[in-house]
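Encoded as structure tokens, the following chain is the form predicted on its own, with no partner shown.
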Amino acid sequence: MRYNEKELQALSRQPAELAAELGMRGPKKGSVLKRRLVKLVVNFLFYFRTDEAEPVGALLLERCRITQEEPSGFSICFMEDPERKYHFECCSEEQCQEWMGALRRASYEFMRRSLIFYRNEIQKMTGKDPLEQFGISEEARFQLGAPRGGNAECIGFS
């Protein structure tokens, strides 16, 4: 996946939907749990060393699975490589549930499905397509059978 490092770093400075210090263990064998500042911005999960302002890396939350591993821990793995898991440890089960819910809602696919659902509900109530006024009602991305694109990526910063 191509990306612009400066734009991603600028995105990492934007207000977060959710941010906290969590324990994080990467996918490499022998990886140990480290405290990281973890920040959810749009559909990117940025992670920072606790004493640095620039992110160490980012996970693009597309085509991924969020799974509860223990009462206060969860993992993220990607469809293309399910064995490559990132593990996170929260302070409590409540914090874990909050993070898992926010991460699941962050993907483009979730937002697209929500838009389609509410579009259909509005159309049932009013008899009009709410997207028609924007001239985009026929675009494939707003149809239920749209092709599923998206890349699952872990982006490391140098």
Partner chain sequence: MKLNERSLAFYATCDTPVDNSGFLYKKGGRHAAYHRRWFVLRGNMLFYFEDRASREPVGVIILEGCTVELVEAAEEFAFAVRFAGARARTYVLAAENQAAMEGWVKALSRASFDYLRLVVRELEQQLAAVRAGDCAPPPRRAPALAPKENGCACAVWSAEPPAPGPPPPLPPRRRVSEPNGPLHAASFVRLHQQYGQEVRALRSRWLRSRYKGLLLDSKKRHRAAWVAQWFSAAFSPGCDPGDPGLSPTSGSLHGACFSLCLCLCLSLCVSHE
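Numbering follows the first chain given and starts at 1. Computed from a predicted model, the values in this text were never measured in an experiment.
Not pictured, yet referred to below: the form predicted in complex with its partner chain.
- In the predicted complex, every residue of the candidate spot (L115, L131 and G135) has a heavy atom lying within 4.5 Å of its partner chain.
- Using a 4.5 angstroms threshold between heavy atoms, E17 counts as touching its partner chain in the predicted complex.
- Proximity of E62 to its partner chain in the predicted complex falls within the 4.5 Å heavy atom cutoff.
- In the predicted complex, its partner chain sits within 4.5 Å of a heavy atom belonging to M111.
- When contacts are judged by a 4.5 Å heavy atom cut-off, E139 counts as touching its partner chain in the predicted complex.
- Taking its partner chain as it sits in the predicted complex, the stretch 33 to 59 comes within 4.5 angstroms of it through a non-hydrogen atom at V42, N43, F44, F46, Y47, P55, V56, G57, A58, L59.
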